[in-house]
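Shown next as structure tokens: one chain only, the form predicted alone.
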Amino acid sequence: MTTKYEAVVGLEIHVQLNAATKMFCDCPNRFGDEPNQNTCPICLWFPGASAQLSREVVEKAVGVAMTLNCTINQRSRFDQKVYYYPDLPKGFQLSQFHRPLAGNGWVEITGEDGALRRLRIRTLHLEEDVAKLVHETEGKTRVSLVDFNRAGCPLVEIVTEPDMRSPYEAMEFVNAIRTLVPGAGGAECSLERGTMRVDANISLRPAGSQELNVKVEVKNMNSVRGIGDAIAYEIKRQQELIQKGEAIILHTRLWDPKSGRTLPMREKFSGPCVPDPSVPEVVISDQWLAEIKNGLPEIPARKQLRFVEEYGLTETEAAGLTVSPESADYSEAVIRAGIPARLAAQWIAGRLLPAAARRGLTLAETKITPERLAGLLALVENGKINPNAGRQLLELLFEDGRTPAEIAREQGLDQAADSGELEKILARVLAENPRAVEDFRKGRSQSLGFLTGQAVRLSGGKADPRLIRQKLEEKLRSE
């Protein structure tokens, strides 16, 4: 009988905190600067340099841990994780191995069967980043350069329990982290820019077994899709080895997105971790803990629930508005400007956000402030322009900084609502379509839709279909 195997997957996620400085010095914690610009004796690890732990880094990390439902350890320490590599010339990395900042957290995802699954977080700890190796070719010579801008940047490492059973669950966990952590104001979490890095530990065991077998670590995954593909490939690779009777060897592999394969990198190595004497114990008082908690932004799940309760939106509508802190704040500003919540939801999630994404812009980068969108939606709500004209006007607002009303007047998008013009259009439609008029009088109400469409067409698309339909019905029933 063929043995059925199940995958056991755990993740190690490094997230770069968005504190203003590096973890132990005042150098800028900034992405994209010229190499080796943001350095000092501390992050270059000169002898005698004294590390000074950033208070902001600790507060950001605690905020992230709270958002991920972790228990905060109010006393934690740094260790020296000892290993030798060109990106770490001092020979050790400051991390929290023995006494981490937090642990016992969890994140809920929706499984492939539609049911909620709670995936556990074993530990969350602070760790300094290492330098970046840049491999280039000069002539025929292969050279490796070191950029120390990244050295000492503040990280939290999130280590999960091996609770995931499929690539899908791992992808959903990463997506949850990418939503929750930025929502707490702690980090950007961009896989593409490298401010979030994910390693996966994958093993197989007979279905129903509780044993943990030899795992393989996979690195170099820079997209959520890549994480799923790498795990799926590794599951298949290990299955094939087991079927051949070959042993799974503990080692680290790299994901190659071009070939769609994992490739061997090195043996799994774990150097010693010894307590570091240079950084004092991190002590978080009850008062400080309360201050951090009170200063946290509203997390997306709670914000979504509040949008449902406070504004009467459906869960789907609320989810569309709370996909990011930026979109949630923007939406509330539009609603508070007097726009009905459901109308705001339809236009922000259904039209504005996709239009901004097509242009590669965030909401803050567009010219469409909440006040300007509220101005557009007020024109639609009050019947000054119809929805079709509103969509045209929205596109114009990306390029034109004037008020929506000014642009609508200049572009001729105002409703054809003055009585004289509208009466002419209605009279013409009724005169030119006697058969449809007769059908309506015989009880065929669908002909009213045809007549309405003809009137909107004659208005050049500017007339409000609701107003046209109302006036046509009044005329037909009065005659």
Partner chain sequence: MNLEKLTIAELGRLYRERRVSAVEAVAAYFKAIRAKDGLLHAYLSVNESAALAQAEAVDRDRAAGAELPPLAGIPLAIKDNICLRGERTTCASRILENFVSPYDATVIERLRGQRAIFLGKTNLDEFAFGSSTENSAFGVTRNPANPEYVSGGSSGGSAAAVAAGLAAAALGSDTGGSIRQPASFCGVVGLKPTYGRVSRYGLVAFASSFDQIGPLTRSVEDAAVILGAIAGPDPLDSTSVEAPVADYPAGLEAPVSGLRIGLPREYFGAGLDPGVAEGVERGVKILEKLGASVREVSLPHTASAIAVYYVLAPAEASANLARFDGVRYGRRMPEGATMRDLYELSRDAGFGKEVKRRIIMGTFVLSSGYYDAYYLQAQKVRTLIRQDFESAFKEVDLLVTPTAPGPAFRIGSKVTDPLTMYLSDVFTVSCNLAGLPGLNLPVGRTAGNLPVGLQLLGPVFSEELVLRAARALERELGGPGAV
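What you are looking at is a predicted structure, and each value in this text was computed from that prediction instead of being measured. Positions refer to the first chain, counted from 1.
What follows is about the form predicted together with its partner chain, which we do not show.
K.L.:
S190: heavy atom within 4.5 Å of its partner chain in the predicted bound form?
P.N.:
Taking the distances in the predicted bound form, the answer for S190 is no, it never comes within 4.5 Å of its partner chain.
K.L.:
Can you work out whether I425 and its partner chain are in contact in the predicted bound form, taking contact to mean some heavy atom pair no more than 4.5 Å apart?
P.N.:
Contact with its partner chain, no.
K.L.:
Can you tell me whether G194 touches its partner chain? I mean in the predicted bound form, with a 4.5 angstroms heavy atom cut-off.
P.N.:
Result no; G194 lies far from its partner chain in the predicted bound form.
K.L.:
Taking its partner chain as it sits in the predicted bound form, is V274 near enough to touch it, meaning that at least one heavy atom pair lies within 4.5 angstroms?
P.N.:
Residue-level check for V274: yes, a contact with its partner chain.
K.L.:
Check, residue by residue, if G48, Q52 and G91 all come within 4.5 Å of its partner chain in the predicted bound form, counting heavy atoms only.
P.N.:
Every listed residue reaches its partner chain in the predicted bound form, so yes.
K.L.:
Counting any non-hydrogen atom inside 4.5 Å, which residue from L430, C70, I42, V58 sits next to its partner chain in the predicted bound form?
P.N.:
Of the listed residues, the single hit is I42.
K.L.:
Since exactly one of W106, F398, Y85, Y168 fits, which has a heavy atom within 4.5 Å of its partner chain in the predicted bound form?
P.N.:
Here the answer is residue option Y85.
K.L.:
In the predicted bound form, which of the stretches 443-451, 430-438, 34-42, 58-66 has residues with heavy atoms within 4.5 Å of its partner chain?
P.N.:
Going by heavy atoms within 4.5 Å, the stretch is 34-42.
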